[in-house]
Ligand code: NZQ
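Shown next as C-alpha cells: one chain only, the form predicted on its own.
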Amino acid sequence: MENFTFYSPTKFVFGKETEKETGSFVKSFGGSRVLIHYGGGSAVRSGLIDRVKDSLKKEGLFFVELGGVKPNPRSGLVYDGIELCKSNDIDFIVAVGGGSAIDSAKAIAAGVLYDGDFWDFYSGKKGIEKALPVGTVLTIAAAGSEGSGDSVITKEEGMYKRGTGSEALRPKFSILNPELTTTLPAFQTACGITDIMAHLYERYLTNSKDVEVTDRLIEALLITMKNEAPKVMKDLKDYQARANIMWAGTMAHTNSCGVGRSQDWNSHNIEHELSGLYDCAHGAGLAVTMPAVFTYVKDHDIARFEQVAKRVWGVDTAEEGIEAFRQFLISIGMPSTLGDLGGSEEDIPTLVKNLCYGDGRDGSISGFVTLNEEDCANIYRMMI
C-alpha cells in the first residue's frame, strides 16, 4: 500500500423527503445567494425543483435558476452559468440532478473565481485551487460526483470530453433520496449501474501491491451491484434495491476505495471519445468499452483479473471473469458493440486522434497500462 492523504468532508443526508432540507444545509454552510442548476424538465415536472425552491424560501435565501444541462454536459452552459453567478453575486450553487448537473455546477463554481477560461482546468493547463461551495440533490445513482472532487465537461469546439479534479470541488453536502430515482426508465437505471461498476473496476486495476483492504472493499461493492441490479431491473420502484445502489454509487467514487493504490481510468478516457462523438449515454459507452479494454490488458497482471473473477463472479479464469461481466451488462440491457452506439469501423481514426492527440495530449494515455495510438485503435476494433 502506498502513502496517502484522504479527506472527504461532504455531509451526506440519506433518505426519504430529505430534499426538503436543502435550504437549511445551504444556510448552515454560509450560503445566502444561490444558483439552482439542473437538467431537463423532469425535475420541474416532478415538483422537485419547487420543493428545493420552497426550502430556500423558508430560510430566506435569494436564488436564481439555470436549467438545460444535457448528458455529457457542455461548455457553453458552463460559460452561461459563470456569467449568471457573477451578475447576481452568487455565493453557493445547488446542483439538482445526476452527474451531468453536478459536474456542470462544479465547473461553474471553479470558473466564477478564476480570471481566465475555465477550460484551462479541463485541458490540464491549470489546477483548481478554489471554487464556490456546491451542494447536490441527487436524482440518479451513477456518476458518484455527489461525493467526489471530480468533474467532466464536453468542449463544444471539437467535442472534446475532458475531466479535472480538486478537493475544492467536493460538495459541502449531498442529499440522497432513493425515492427520486424510482421514476428513472430501465435504460437510464442500467447506465447508472454500469458507471458505478466502472468506477470500482478503474480502482481495482492497480499496479500497487498489498492493497487487500481496498481490494476487499471494491469486491464487496461489485458484489452488491451484481446482486441488487437484477432486483431493480425487475422492479424499477424497489426502494431498498435503489437505496443500496445509490449508496454503493457514492461509496464507489468518494475514493475511499482508491486510497493507497494507483488507479487506471483508461476505460473512462477511451469511452469519453465515444460519448463525445456519438453523444451516447456514458454508461452505455462504458459497457462497450470495458470488456474490450480488460481483454486487451489482462496479461499485464493476469492474477489480478483471476482474483476478481473468483471473488466476484465465481469463475476461475480471467477470461471467464471478463465474459461474466460482459454477460451481466447485456442482461441489464446494455449495448455490447460499437454499432449499438451508432458507430462504425470508419470512425476509429477520428476516435484515436481525439483520444491520443486532442486538446494537447501527447499520443498516449496512461493508467494500469500505458496505451499508445496503435493500442487504442486495436481496442476500438475489438468493440466492433
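Sequential numbering from 1, following the sequence displayed. If you're wondering where the values come from, they're calculated on a predicted model, not measured in any experiment.
As for the form predicted together with the ligand, it is not shown, yet the points below apply to it.
Visitor: Are all three of E273, G342 and G358 close to the ligand in the predicted bound form, meaning a heavy atom of each within 4.5 Å?
Guide: No, because E273, G342 and G358 lack any heavy atom that approaches the ligand to within 4.5 Å in the predicted bound form.
Visitor: If we define contact as a non-hydrogen atom of the residue within 4.5 angstroms of the partner, is R170 a contact of the ligand in the predicted bound form?
Guide: No.
Visitor: Flag A107 as yes or no: does it have a non-hydrogen atom within 4.5 angstroms of any non-hydrogen atom of the ligand in the predicted bound form?
Guide: No - in the predicted bound form, heavy atoms of A107 and the ligand never come within 4.5 Å of each other.
Visitor: Check G40 for me: does it contact the ligand in the predicted bound form (non-hydrogen atoms, 4.5 angstroms)?
Guide: Because a heavy atom of G40 falls inside 4.5 Å of the ligand in the predicted bound form, the answer is yes.
Visitor: Report whether the minimum heavy atom distance between D264 and the ligand in the predicted bound form is within 4.5 Å.
Guide: Answer no; every heavy atom of D264 is more than 4.5 Å from the ligand in the predicted bound form.
Visitor: Using heavy atoms only and a 4.5 Å cut-off, determine which of G127, G76, G314, P185 is in contact with the ligand in the predicted bound form.
Guide: Looking at the other structure, the residue within range turns out to be P185.
Visitor: By the heavy atom within 4.5 Å rule, which residue out of P133, G165, G260, P71 makes contact with the ligand in the predicted bound form?
Guide: Spelling it out, the residue with a heavy atom inside the cut-off is P71.
Visitor: Which one, 175 to 183, 231 to 239, 295 to 303, 77 to 85, holds residues whose non-hydrogen atoms are within 4.5 Å of the ligand in the predicted bound form?
Guide: Comparing against the ligand in the predicted bound form, the contact stretch is 175 to 183.
Visitor: What residues, if any, in 277 to 294 have a non-hydrogen atom within 4.5 angstroms of the ligand in the predicted bound form?
Guide: The stretch 277 to 294, when checked against the ligand in the predicted bound form, contributes only H282 at the 4.5 Å heavy-atom cut-off.
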